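Just one chain is shown here, as structure tokens, and it is the form predicted on its own.
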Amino acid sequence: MFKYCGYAGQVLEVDLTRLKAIPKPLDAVLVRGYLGGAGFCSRVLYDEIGPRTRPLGPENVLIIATGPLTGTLFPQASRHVVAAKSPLTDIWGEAHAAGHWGAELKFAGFDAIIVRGRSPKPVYLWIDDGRVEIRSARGLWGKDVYEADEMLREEVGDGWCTKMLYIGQAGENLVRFAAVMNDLDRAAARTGMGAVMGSKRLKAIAVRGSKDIPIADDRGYMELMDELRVKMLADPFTQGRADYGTPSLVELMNEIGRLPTRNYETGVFEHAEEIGGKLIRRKYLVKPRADFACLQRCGRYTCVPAGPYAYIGGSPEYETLSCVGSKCGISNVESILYAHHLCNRYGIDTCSLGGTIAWAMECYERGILTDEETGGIELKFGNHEAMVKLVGMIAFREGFGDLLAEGSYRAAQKIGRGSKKYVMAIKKQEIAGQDGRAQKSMGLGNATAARGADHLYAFPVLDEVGFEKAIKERFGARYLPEIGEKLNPRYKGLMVKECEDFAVVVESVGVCKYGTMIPPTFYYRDVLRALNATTGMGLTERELRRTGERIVNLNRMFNVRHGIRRRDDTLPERLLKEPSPEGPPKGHVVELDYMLDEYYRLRGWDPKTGLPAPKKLRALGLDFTIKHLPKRGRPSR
């Protein structure tokens, strides 16, 4: 039996080249140092992936991992992580998803799946209570997610008890921002993990399990879970999330000038209320939906009953409404809902999709792209018919969609003619629905994130929600006057550093960031109590904090081996030099250098190069990475 409770105790190692799947014991030392989920992926991939690894080659390694709280009664314990070297960014690749699949994997007896090699033909994995088969996916290849789900259920003969993870045609066609989907409309969307899965010719992983998850503290566990449940239900945001989900953020972000509009020309969209949460709830909501152990139910089912954009299915989150909507100047909400539905079926990251189309629209309006190059598509801001058409063209790499399937960074490299100036990406990944000129912490968090543009790697929302108690608890009262100001760059390095460390702990234990990132809901103390009651590890808060810091530094060293330095922790010129034209941030740019200096100092990284200091790496138990620091420019301390 595995040393710690809360884990299934096994990892499934799959060699697709040889078509073999072998269960192996989970490494207790690895668990103690990295917990699971994102941390597990960080260490395994650091050991196995190098600069010469081709993201879409058979030598890339794909990991899908759960955490010790995944599948337990801890509120929001639904998450799994998908990681590999990214085909979009060529550096650290990581995506997360909720739903029910991650919990089912643990019920089937596995904490993680490590996939190596490439199958000679399309296959899928069938995992049934610890028994594993690699089956032909010949009939599934070429099918969208909804079609594959139906066919798989018929083949395994188990109705809705089996949980499915799969790629659509975008993954099969190696679209660089293809997503890995599960439970029909939950997406591990960012960094192109669907393309990695497609490159391995792995169509799906079907899982069914009935095994128990052992709990260390049988006597106190239920009492603690009841306490945390009451605390979550008392959260002032819980009812709002159940009523509106994250689409309600459209109106809020627009009010503070952070809603990216027309490729970040501004952070204010004059049609925000036409695509926001209130309208969607009133006209299109079918019902809220919950992921495993979720009390907040921010997922939704929506329906457009008639017309060219008719559908019924999962509803978009805020990021989709901003990226496919305001960022493209689109106010036709039915077209946004339908485009999101298509992205779920084809398996596409809506953030990179919207960012790439918005780039193309600005280039078209500026005369950089011509009708001949777009295939006659009039790519003007607000053209919702063009946007919807491009979703399918990108998924199938048809015509102009073949270029856009490479992402805006690579498309601009091919087009040239000054188009790179309008790429709103960081480390080759498109920024999601965040204009950093309106919230400086988001600007810094996007710049430093290990997987490229990523507001969730740090999720620095303390200055957004205005919780005075949260700021005092985490940073102390002396920072309160300035750290709570969205437009003040002071102390944002402190906020982002602390939030990155905690956020990666959240992704490593397998729970959702909603409800865990902001006191008075769950912070280190609550996560620690649940973790110890579940696993019996006996961790201290200091150890848990150090674990988060260790994982962030290991991700940084992964990227350092791939050439990432301070020069790469930057933002598009528009956010650095073009003042926001309206709203609360009018006249503001992102003072990135000022915030980076503070961030690097607190991290123990060299301020000139962005390289972690050997002293810091040794203190975190990362001695094995020091040999990968470049000799020239290596920090001395």
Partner chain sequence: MPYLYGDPIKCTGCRICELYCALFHERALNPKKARLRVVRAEPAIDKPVACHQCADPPCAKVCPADAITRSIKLDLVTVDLTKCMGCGACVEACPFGAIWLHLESKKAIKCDLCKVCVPRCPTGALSVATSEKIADQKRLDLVNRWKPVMLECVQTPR
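Numbering follows the first chain given and starts at 1. Predicted model, so just to flag it, every value in this text is computed and none were measured.
The same protein also has a form predicted together with the partner chain, omitted here; what follows describes it.
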- Query: Any idea which of 172-180, 550-558, 281-289, 315-323 reaches within 4.5 Å of the partner chain in the model of the complex, heavy atoms considered?
  - Reply: 281-289
- Query: Within 4.5 Å of the partner chain in the model of the complex, heavy atoms considered, which of L73, I415, V304, I256?
  - Reply: L73
- Item | Candidate from D435, E507, E94, E104 lying within 4.5 Å of the partner chain in the model of the complex - any heavy atom | E104
- Is every one of Y491, R574 and E582 within 4.5 Å of the partner chain in the model of the complex, counting heavy atoms? no
- Would you check, heavy atoms only and a 4.5 Å threshold, whether G401 touches the partner chain in the model of the complex? no
- Query: Counting only non-hydrogen atoms and a 4.5 angstroms cut-off, does L184 reach the partner chain in the model of the complex?
  - Reply: yes
- Message: Does any part of E147 reach within 4.5 Å of the partner chain in the model of the complex? Heavy atoms only, please.
- Response: no
- Is the gap between L487 and the partner chain in the model of the complex 4.5 Å or less for some heavy atom pair? no
- Even though the chain is shown alone, can you say which residues of 291-306 have a heavy atom within 4.5 Å of the partner chain in the model of the complex? D291, F292, A293, C294, L295, R297, Y301
